[in-house]
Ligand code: GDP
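The chain below stands alone and is given in structure tokens; this is the form predicted on its own.
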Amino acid sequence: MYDKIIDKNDPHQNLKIHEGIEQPDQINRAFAQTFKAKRQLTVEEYVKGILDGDRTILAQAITLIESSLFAHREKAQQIIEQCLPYAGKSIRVGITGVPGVGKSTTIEALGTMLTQKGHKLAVLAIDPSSEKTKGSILGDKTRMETLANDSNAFIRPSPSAGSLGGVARKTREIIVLCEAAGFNVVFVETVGVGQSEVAVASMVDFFLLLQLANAGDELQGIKRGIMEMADAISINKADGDNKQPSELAATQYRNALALFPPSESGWQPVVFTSSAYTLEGIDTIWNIIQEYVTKTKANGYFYNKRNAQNLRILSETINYHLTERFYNDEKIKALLENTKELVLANKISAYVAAQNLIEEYLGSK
């Protein structure tokens, strides 16, 4: 339209048009071509990189484990299988507590102390995923800034993605890769007190529960099942004016634990106070872990527990693959929606409907 009003060749035209500078392409074509042409590593290259302690390749292998693509998972399983002979030599520690108890601060303080002593530490943090968006903040690296920049530490946050079973399975596999990469201490941090603790307890050697004083009734504010799983309870933030209330809370917990029946490990859970801020009691945590490992290895419980965990993995993996195959079966997909409608209309019992679907699935095999 403006070309009709403005004649660029008219010398009497007051409005002049200057030719603009040609804008560069917003995409660096050379870089994009290089990125597209990037060669995928082979299973052997992944394994070699992991065994050599290459953190970048380790992170890439973990991404394969967490991927939902079948091709990625298949490749990940081959990597895990080749790394298994080099795994199992670390001390696995589960760390949990209510939100705000100071898990990340405690892990950073304890982890920094361990790396200074020459240990190699892997921190696997399970972040809760939104039920609506399925997204996660994955902010543990920002909460553990010092440890994140430590060459002897590796922090990997993982989204729970609404499936504790899936997280447990993937976290166990990630532990194998971290151990093969030479990390001799593995921390698994959970989202908070709840069902995730049961899953984490099934993959670690030692379970640490962090608690707060003055957070309500100390004995009613936590499930008994979590306390029974704990090998040690630390009353955190025991500094300043909170020191005396923390000592009182520790005494209450000791009295409560004395009423519990003896554990199979022969270990009596230890209760103490700590402060990740002043670092008081941080060395106590590691001393207790070492004492536990020494005692349970001597009486055989340590190895029996690892064996029981492996058998549980076997059982859970079978259940996972059977469930996945069932729901991905084309015949079941065709029948499932209609079956749901019948159940909702009260035309068939949910139990009978499930049995019918299972029989239909087995009959088609």
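The shown structure was predicted, so the numbers you read here are calculated from the model rather than taken from an experiment. Sequential numbering from 1, following the sequence displayed.
What follows is about the form predicted in complex with guanosine-5'-diphosphate (GDP), which we do not show.
Although the partner is absent from this view, Glu189 contacts guanosine-5'-diphosphate (GDP) in the predicted bound form, with a non-hydrogen atom inside 4.5 angstroms. Heavy atoms of Lys103 reach within 4.5 Å of guanosine-5'-diphosphate (GDP) in the predicted bound form, making it an interface residue. Among heavy atoms of Pro99, some come within 4.5 Å of guanosine-5'-diphosphate (GDP) in the predicted bound form.
Proximity of Ala276 to guanosine-5'-diphosphate (GDP) in the predicted bound form: non-hydrogen atoms within 4.5 Å are present. Scanning Glu247, Glu228, Asp239, Asp150 against guanosine-5'-diphosphate (GDP) in the predicted bound form with a 4.5 Å heavy atom cut-off leaves one residue, Asp239. Per the 4.5 Å heavy atom criterion, guanosine-5'-diphosphate (GDP) in the predicted bound form is contacted by stretch 91-99, the sole one of 265-273, 198-206, 171-179, 91-99. Along 64-86, a non-hydrogen atom within 4.5 Å of guanosine-5'-diphosphate (GDP) in the predicted bound form is carried by no residue at all.
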